[in-house]
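The chain below stands alone, shown as structure tokens; this is the form predicted on its own.
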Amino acid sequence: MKSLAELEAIRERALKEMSLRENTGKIRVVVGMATCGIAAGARPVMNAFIEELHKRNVQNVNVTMTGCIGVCRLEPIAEVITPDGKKTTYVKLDPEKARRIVVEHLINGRPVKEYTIDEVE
């Protein structure tokens, strides 16, 4: 960092990333980030959600993290919760699956059934 302009650019970028994580949006994506989730690759999954939402300029979705969701053998896990409270649980995720969920579920409103807990179990 060599100037105030660079510092301001870093600040703006950080505020924009933080707004994606705040819990004030209409749709929430909650990623399990307990030790079991992190060991299974939850951090790259969460980053993929944030990056894809940012890339597509989706403003009505917030990405947050939580502790253990309770089915460690199916990690990484993410839940999509709509404003009306409907919850879809996605399991055994990777960054590519997260990107597909952004496009198909969060943007086009069609859950990706083959990644849901109902299809895997």
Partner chain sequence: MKDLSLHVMDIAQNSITAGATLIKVSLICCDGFLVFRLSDNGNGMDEELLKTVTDPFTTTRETRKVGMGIPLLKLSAEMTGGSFKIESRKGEGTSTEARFVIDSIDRIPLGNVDETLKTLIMANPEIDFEIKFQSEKSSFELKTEEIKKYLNGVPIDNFEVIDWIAGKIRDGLKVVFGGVLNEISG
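Everything quoted here is computed from the prediction, not taken from an experiment. Throughout, rigid core stands for the largest set of C-alpha atoms superposing within 1.5 Å between the two forms. Numbering follows the first chain given and starts at 1.
The following text describes the form predicted together with the partner chain, which does not appear among the structures shown.
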item	value
Heavy atom of N47 within 4.5 Å of the partner chain in the predicted complex	yes
Touches the partner chain in the predicted complex: R110 (any heavy atom, 4.5 Å)	no
Contact of V63 with the partner chain in the predicted complex (heavy atom, 4.5 Å)	yes
Contact of I27 with the partner chain in the predicted complex (heavy atom, 4.5 Å)	no
The partner chain in the predicted complex - contacting residues of 37 to 60, heavy atom within 4.5 Å	I38, A39, R43, P44, M46, N47, I50, E51, L53, H54, V58
Large Cα move at I107 between this form and the one not shown, threshold 2 Å, rigid core	no
Inter-Cα distance between L7 and R56 in the predicted complex, nearer or further [3 Å or more]	closer
Pair E52/E12, Cα separation in the predicted complex versus the displayed form, closer or farther by 3 angstroms or more	farther
